[in-house]
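Quick setup: one chain, the form predicted alone, written in structure tokens, and binding and motion questions come after.
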């Protein structure tokens, strides 16, 4: 073969190799640097969402992820040298699943921070490894009062008050407004459900209410007849349930089917339309649900209402429980990264030294242990198959 022909073949093969290499690159990988139309450099930075996206109580995780998405899209619309993205890690809300997901996002150096984990049990399962990696986390929803005191941590932060605050709000509302003489207290044996339950039991017992009727259900079971029969036999004025919405709704339905007419009250883990679905609208009617958070709706004035409208544009539905907190958590991290804190160590230092941040859910100030300074507790009621805000526990108890 002539030398010129051989040279042409080599050049063609080299060109093909370059094309294939270019096609094999992944522009979505965080930490990549792309050239903008103006010739500048644009870096992609990832935030991790860690929590349930599938499973029986996935709505609470999806709400947070969607709140993050609004924050990320708003940040990217402003332009700048950084493009923000979310990498999702579905734990199904299960502490047993959380370590496997942790082994995916902790080694990923493109991830500078975590929004989550969502539930308290999964947070406890991964917190030691997050500490070791210096990977800052801001949970929108993990409320167990023992976090992080039983696992010393520099990286732990949460933008929602813990179960001690919620239990105090519930106790104040129950003792001053509802005034039951005898109450049954049931939980689901999760870190969250049992933790909130314990706080409520103590405070109501200290207030002189009969709290002797107590039980636990297996959240993996469909049949809660043992607890239902115990509650029915005790002839209580009220039932408190500590746990998540899917099982809470089913428990409430089974109580109603058994003819138990006692007032039903549960905490933030039950504050979701999924409660109405699992209880059936008639079965869930009249249930009281509390949260150390306020649901953002379009009719609320100011930033929360504006957020609700923007959320509806982007997500195509209204915000849910913890959507506002997910938005605030992501925005704190985005602000820190935009100010030049582009390593895990620097971003952790930024969050620890945050001072005061004006979020849409509340003014956020972190205590030294990562807790947010106490906020208000709200009460909601299921009316006509919909969750309706009644107001703050402090105001309702005083009324």
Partner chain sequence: MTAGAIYALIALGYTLVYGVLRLINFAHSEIFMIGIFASLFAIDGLGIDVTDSPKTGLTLALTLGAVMVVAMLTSGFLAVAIERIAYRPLRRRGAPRLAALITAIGVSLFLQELFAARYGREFLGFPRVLEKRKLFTFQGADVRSDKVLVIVAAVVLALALERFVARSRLGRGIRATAQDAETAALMGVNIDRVVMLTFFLGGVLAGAAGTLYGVFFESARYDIGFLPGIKAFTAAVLGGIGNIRGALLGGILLGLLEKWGATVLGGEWTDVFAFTVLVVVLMFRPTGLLGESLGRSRA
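In this text the structure is predicted, and so the values were computed from the model without any measurement. Positions refer to the first chain, counted from 1.
Just so it is clear, the following notes concern the form predicted together with its partner chain, a form of the same protein that is not shown.
**Q** Please determine whether residue 86 contacts its partner chain in the predicted bound form, using a 4.5 Å cut-off between heavy atoms.
**A** Residue 86 lies outside the contact set for its partner chain.
**Q** Can any non-hydrogen atom of residue 294 be found within 4.5 angstroms of its partner chain in the predicted bound form?
**A** Because no heavy atom of residue 294 falls inside 4.5 Å of its partner chain in the predicted bound form, the answer is no.
**Q** Does its partner chain come within 4.5 Å of any heavy atom of residue 300 in the predicted bound form?
**A** Result no; residue 300 lies far from its partner chain in the predicted bound form.
**Q** Does residue 207 reach its partner chain in the predicted bound form if we count a contact as any heavy atom within 4.5 Å?
**A** So residue 207 does not count as contacting its partner chain.
**Q** If contact means any heavy atom within 4.5 Å, which of 214-222, 318-326, 75-83, 302-310 contacts its partner chain in the predicted bound form?
**A** Careful reading of the contacts points to 214-222.
**Q** Quick check on this chain: which one of 59, 331, 46, 341 has a heavy atom within 4.5 Å of its partner chain in the predicted bound form?
**A** For this set of options, the contacting one is 59.
**Q** Name the single residue among 232, 176, 182, 134 that comes within 4.5 Å of its partner chain in the predicted bound form, judging by heavy atoms.
**A** Of the candidates 232, 176, 182, 134, 232 is the one lying within 4.5 Å of its partner chain in the predicted bound form.
**Q** Note that its partner chain is not shown here; using its position in the predicted bound form, name the residues of 223-250 with a heavy atom within 4.5 Å of it, in sequence order.
**A** Residues within 4.5 Å: 223, 225, 226, 232, 245, 246, 250.
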